[in-house]
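Read the single chain below, which is given as structure tokens and is the form predicted on its own.
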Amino acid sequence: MNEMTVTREQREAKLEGMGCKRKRVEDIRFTQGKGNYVDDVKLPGMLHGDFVRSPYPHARIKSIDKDKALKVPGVLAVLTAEDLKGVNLAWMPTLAGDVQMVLADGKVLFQNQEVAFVVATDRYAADDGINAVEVEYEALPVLIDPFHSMDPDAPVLREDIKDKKDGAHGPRKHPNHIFEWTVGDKDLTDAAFRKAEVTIKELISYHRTHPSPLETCQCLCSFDKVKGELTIWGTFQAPHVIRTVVALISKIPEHKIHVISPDIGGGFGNKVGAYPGYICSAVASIVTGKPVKWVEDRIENLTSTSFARDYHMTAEIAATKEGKVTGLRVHVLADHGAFDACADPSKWPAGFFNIVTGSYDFPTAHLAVDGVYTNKAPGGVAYRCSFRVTEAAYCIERAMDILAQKLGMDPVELRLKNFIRPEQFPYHSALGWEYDSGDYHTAMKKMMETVDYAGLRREQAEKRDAFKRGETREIMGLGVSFFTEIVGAGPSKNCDILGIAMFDSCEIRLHPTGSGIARMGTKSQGQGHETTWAQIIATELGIPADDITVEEGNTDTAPYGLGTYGSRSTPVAGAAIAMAARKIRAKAQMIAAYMLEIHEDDLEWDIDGFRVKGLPEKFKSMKDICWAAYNAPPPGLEPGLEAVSYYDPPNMTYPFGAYLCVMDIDVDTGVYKVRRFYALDDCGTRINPMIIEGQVHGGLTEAFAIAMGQEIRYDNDGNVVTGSFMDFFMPTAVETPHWETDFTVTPSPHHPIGAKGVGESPNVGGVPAFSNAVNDAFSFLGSTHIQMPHDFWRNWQAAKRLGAIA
């Protein structure tokens, strides 16, 4: 096709750049079973490792006898904490500044804790070896309820630090106390409550749940004794960080550690931190001289890898009689389990929970968080959430509904009255954040018009009248939520992990024929990076997305990056891509000017190349420029077209959204039906609308699971009673409601392409929408707040407690 006959629209369409609903290129191999996961990697002579785990949640280890296990055919080694002490690896640092046992050292602190590591020629022999290891325990008192962690007679869990007076963030109040974190103006906030015409106070608990990705955590370690090099294939969301952690604790030089993350079957925060399996596999490979693979099973994943949530939030709001909020006061009791292994940035012991002022213009606020130890699995990950934002959004969205109920106002009217106004951006919150941009009123009003909010409220009033007359046993709830997330961790001025600033990176290399490769510090676990990263480059460089290969997950080839979690990839790495592309485009402009024999300032960018201003026929495409870059660059200019960008963002980004859930509940059975769910998201510039929609569908499904049944529960003796998918609610297509999606676009002013990120938003906004729907349904019976999860049994109990059942 002659270039001059091709329309502008056709040239843009050929690129499949930003805004295009381009199909995911990675799905070709996934749908054909051609993905390459850790368990697909097999090396000659490979051994298999598996754990002896504690049946007790709290017990002293009196002895470990591994003699019988070593006689099991195929078993080659059994590692215990005593063995690891010999190489100074019995304990490892956590991402939160605590230390954690690799294998139980002296006593166990939670059920299914790793006690010994059996290495064998295959998994069956390893399993036989596990059963032959004899461990003698002395049971100790168990502490499960975080509200009793700091009782005077509470059992002391962490004997290694029982006499330590100071934690990482201030004095410790009790041997089971980890930290206290406060932020905001306490005096001003207390004064606002003293003057308030109306106040509310409620304990709002966000129960313990679990990311439970499809693929469990696993790794394969291979130590080359000749070269002194360690190669690790693993399910790592942050491969470079894992390499640094392994170097710090193993003392193997970092340049002799090669970390490879192949395809990953979901992460959701579960694969950010380091687990004992990684350390033990590496040690076992060094000890045996052979590759060692560790693959976790489902029960191990649910009961011993990082949990999410377990926040107990006492929220108070001060307001006027007209519904204008004047102050917010929140205290959080955070249950961290046996070790503080949360994956939060170093300076934020409770993550970004101080986004708890939400979308509202609170003149003053104060937050205090106490972290405590219990006999539960450690962790605390950002499960489809940016560092505790999900808890914060749930807290403020439930609290605003409770305030609306007390004032007798519609919850939407209360929100509209207190939203941060568009002209207030950039907005400085009372708890220290600078929101970049937003138009909350437009988003909320679009939601109301689309769903006919007024009509739904009329229908609800009629149903309530019918219920009171005894004509129906079904009640109806409208769950409104409006969330503001904080993503894009983060700026080096306030975000680091283990002292490493949370920038991200991109290297782009264009080839002579006009195609290219981009290597990233991120790592997709299903988010579609290979598709969307190429779309950014297509728009920035005029190279068709199909001509760009995206490579992630190999620390030998990718520039150092902090990885993918907390919806940080597009806000940080997406910006790094644009900045690296712009470096290349600047050089390409010099080459084009030389080719056209004109000053570069007389050129303008035009979709896929440079054109002389005022002379549209004088044009050089990027394909022409790529060829010239390698065989005829301007004198004095280096050949080639490549660039690296390490992007340190100036600020976080703040996506937002308006959600509505319409739910019917049968009071006699507790059975609920999600009749309608509408989700409007504003994530700034939309790179691939189809992938965004997929992200929203997935996040809403997880929000539905969490709000309506998913929970990691312990009995009073510390036994995990939800250790499999038979007990842990994992919705399938059968249970999942239909989702209606919508959007507005408010670009971030400081991001190179205006993108904000969307991966976590539907979980952040979805959970309070479901919970508010249940609470709204029961509110006319006198209920103020019902704790999650809202499964059939709890709904039935609530109906009974409120007198709806005779």
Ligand code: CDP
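Residue positions are given as counts along the sequence shown, with the first one as 1. Remember, it's a predicted structure, so these values are computed and weren't measured experimentally.
Only in words, not in the display: the form predicted together with ligand CDP, which the text now covers.
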If you check Ala755, Val38, Val774, Leu47 against ligand CDP in the predicted bound form, which one has a heavy atom within 4.5 Å? Ala755
Heavy atom within 4.5 Å of ligand CDP in the predicted bound form - the one residue of Gln113, Ser306, Gln695, Thr209 that qualifies: Gln695
Can Ser281 be called a contact residue for ligand CDP in the predicted bound form at 4.5 Å between heavy atoms? no
Can you tell me if Arg519 lies within 4.5 angstroms of ligand CDP in the predicted bound form, counting non-hydrogen atoms only? no
Should Lys376 be classed as touching ligand CDP in the predicted bound form when contacts are defined as heavy atoms within 4.5 Å? no
Check whether Thr532 has any heavy atom within 4.5 Å of a heavy atom of ligand CDP in the predicted bound form, and answer yes or no. yes
Stretch from 273-281, 178-186, 349-357, 559-567 whose residues place a heavy atom within 4.5 Å of ligand CDP in the predicted bound form: 559-567
Any residue of 668-696 that, in the predicted bound form, places a heavy atom within 4.5 Å of ligand CDP: Cys683, Thr685, Arg686, Ile687, Asn688, Ile691, Ile692, Gln695
